[in-house]
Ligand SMILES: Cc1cc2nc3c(=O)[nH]c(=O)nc-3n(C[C@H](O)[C@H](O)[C@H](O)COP(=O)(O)O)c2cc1C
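Take a look at this one chain, the form predicted on its own, written out in structure tokens.
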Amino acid sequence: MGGIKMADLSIGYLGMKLKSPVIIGSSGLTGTVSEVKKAAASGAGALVLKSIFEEQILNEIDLFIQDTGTADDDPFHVGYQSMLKEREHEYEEAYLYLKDHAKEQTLAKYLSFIEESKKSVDIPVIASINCISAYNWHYFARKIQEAGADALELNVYVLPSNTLKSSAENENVYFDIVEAVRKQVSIPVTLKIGNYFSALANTVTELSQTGIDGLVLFNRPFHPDIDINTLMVNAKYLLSDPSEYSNILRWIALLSGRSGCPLVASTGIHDAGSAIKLILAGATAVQVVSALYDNGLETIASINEGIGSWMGQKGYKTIDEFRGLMSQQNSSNPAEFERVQFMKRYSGIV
């Protein structure tokens, strides 16, 4: 690091002090206790456990109810079956896949996973729920809190593909989930969302005022592709590309100072440079996953060292000194983050 003294990388987030603004996102890298131990030793400020999926829990409960013969008069079962009927075409493939694996990852196993992870590491452990509906999440959230998680990330991604549903109906799912969970838990709750909203800035601002403790922008979906030889649909580009941070940068910069809760950047963060840019735009922290799959957990140390070296060169002693320095609110030219700049650049308009 050229003799430059390492700066203080610690941040305050979710009422806790994190030693680094780099958080390991929910993934297979945090899917077992042994993997959690390795992840915690990387220098990350916190980690998000691999998500437990709604379909997994609901399927396991459905099997249990069928075995005990209580399905006909159980309100949970009735509500669950109604949801499945409504969504059978949307989620048929995912449901069938998860049905085969439900016994391997039930709610009980996930709660045990949280407890063991907490005992094994000395950095904050954030549990994760992957939601497709607002049904009964308060119950599961309470159980996760009791298992000892430091915080809970609600990973909600509603693809607005149903032509019979309005934007308001799709977006209300997010608010319903947050409302139900916040009533039941006292641990910090964050919401990880995608960017499929009819009025993204307005929706994010309203979500930030629901009492949640953080917003993670954005959830990266699987990208479908077509194999022209087999005529099969498959997933492509499973890992993010380093260029993908730029879209997150725009929205972090636009929303910084306007959000009622901290903003965390996710997707496309592969090195110290992109992490620094996102913090300059206003991010409290960054979540990293794809870079770790590409280059290993040692990437965390590289990012930390890069941030510290840059801070030393610029004379910053703490992260807070430069966070949001380049947000739209603090920019001398706020239009830099708007599309009009594209037209100016390529059309010769002054």
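From 1 onward, residues are counted along the sequence shown. Small disclaimer: the values here were computed from a predicted structure and weren't measured.
Form predicted in complex with this ligand: not shown, discussed below.
**Q** Just one of A46, I300, I307, V289 has a heavy atom within 4.5 Å of this ligand in the predicted complex. Which one?
**A** Checked against the cut-off, the match is V289.
**Q** What is the one choice in L159, A199, M232, L238 with a heavy atom within 4.5 Å of this ligand in the predicted complex?
**A** Contact with this ligand in the predicted complex is made by L238 alone.
**Q** Heavy atoms within 4.5 Å of this ligand in the predicted complex: does P21 have any?
**A** Result no; P21 lies far from this ligand in the predicted complex.
**Q** Wondering, does G268 line up within 4.5 Å of this ligand in the predicted complex on heavy atoms?
**A** Flag for G268 set to yes.
**Q** Answer yes if any heavy atom of S128 is within 4.5 Å of a heavy atom of this ligand in the predicted complex; otherwise answer no.
**A** Yes.
**Q** K50: heavy atom within 4.5 Å of this ligand in the predicted complex?
**A** It does: once this ligand is placed as it appears in the predicted complex, K50 has a heavy atom within 4.5 Å of it.
**Q** The chain here is shown without this ligand. Which stretch in 277-285, 38-46, 22-30, 319-327 comes within 4.5 angstroms of it in the predicted complex, by heavy atom distance?
**A** Of the stretches listed, the one contacting the partner is 22-30.
**Q** Between 301-338 and this ligand in the predicted complex, list the residues on our side with a heavy atom within 4.5 Å.
**A** Result: empty, none.
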